[in-house]
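So this first bit is one chain, no partners, the form predicted on its own, shown in structure tokens.
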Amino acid sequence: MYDLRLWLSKKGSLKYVSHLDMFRLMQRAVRRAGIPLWYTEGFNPHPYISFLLALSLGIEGEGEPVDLRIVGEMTPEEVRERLNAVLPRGLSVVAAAPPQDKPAAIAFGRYDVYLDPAQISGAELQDVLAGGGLTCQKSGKSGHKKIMKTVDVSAQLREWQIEEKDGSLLLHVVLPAGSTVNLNPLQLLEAVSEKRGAPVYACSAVRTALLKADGKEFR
């Protein structure tokens, strides 16, 4: 028995599949692929499948980590090949290897966000991001009640870079993605839209990597 970390690419229409539905999809795929998983003990045993960090709806992922516990001698490469044979279009296992880092080490997400330059220029976007005062509304809890709270987005911006690419404006940005603070690029654009008084929408957004607190890639 050994622990195995899969890295999933989630693209196209699969970006609209929720975290809970992704879990159900993987359960079915593992059964169809004949992967020998370890099952939890107790009254209602279930296969050990752990998505380490939820990906927000509408955002694609190039390397989303999922942990499995394999029983027997099936190799990581065979697990990858078997799963890719049964996963739907838009979802694939790009790598499989024993985990190197603990899930709690995840601190940031690195994103590529494509924007329409007709909505905002690179110079204006740079000014807005550098000017501070960016806030957005996020849902939270106070006791058992759901509330909306204001988040200081500017304080969460770690780094960013703006470039023009293939007729689009491409924003490379690093945002908090840990278990305590989490901000996605769509919320960042909400804050940008609020500050400038005009909407800015993402043509597409992709999480390209997860990072540890020291800036190194989570593995």
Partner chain sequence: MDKKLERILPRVQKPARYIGGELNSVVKDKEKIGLRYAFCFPDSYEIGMSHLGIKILYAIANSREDTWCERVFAPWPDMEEQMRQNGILLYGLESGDPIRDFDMIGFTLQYELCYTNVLNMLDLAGLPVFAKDRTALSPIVMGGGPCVCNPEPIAPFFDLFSLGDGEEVNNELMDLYLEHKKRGSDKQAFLADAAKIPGVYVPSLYNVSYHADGTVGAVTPAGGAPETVTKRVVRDLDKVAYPESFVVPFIDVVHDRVTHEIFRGCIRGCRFCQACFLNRPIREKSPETINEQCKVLCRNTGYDEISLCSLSSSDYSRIEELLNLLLDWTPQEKINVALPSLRVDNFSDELLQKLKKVRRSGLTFAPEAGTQRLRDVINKNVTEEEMLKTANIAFSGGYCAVKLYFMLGLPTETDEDVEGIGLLAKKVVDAFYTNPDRPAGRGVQVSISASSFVPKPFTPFQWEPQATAEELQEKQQHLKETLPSRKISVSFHDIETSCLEGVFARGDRRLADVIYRAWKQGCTFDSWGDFFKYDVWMRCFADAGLDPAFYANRRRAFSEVLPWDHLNYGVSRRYLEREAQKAMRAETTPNCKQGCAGCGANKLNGGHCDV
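Residue numbers count along the first chain shown, from 1. Quantities reported herein were computed from a predicted structural model and do not represent experimental measurements.
Not pictured, yet referred to below: the form predicted in complex with the partner chain.
J.: Work out which of V200, V206, L211, L14 lies within 4.5 Å of the partner chain in the model of the complex, going by heavy atoms.
T.: Answer to the contact question: L14.
J.: Since exactly one of K102, K149, R89, K145 fits, which has a heavy atom within 4.5 Å of the partner chain in the model of the complex?
T.: Contact check passes for R89.
J.: If contact means any heavy atom within 4.5 Å, which of 29-37, 62-70, 153-161, 166-174 contacts the partner chain in the model of the complex?
T.: It is 29-37 that comes within 4.5 Å of the partner.
J.: Answer yes if any heavy atom of T180 is within 4.5 Å of a heavy atom of the partner chain in the model of the complex; otherwise answer no.
T.: T180: no, not in contact with the partner chain in the model of the complex.
J.: Are all three of D21, R24 and L57 close to the partner chain in the model of the complex, meaning a heavy atom of each within 4.5 Å?
T.: Each of the three qualifies.
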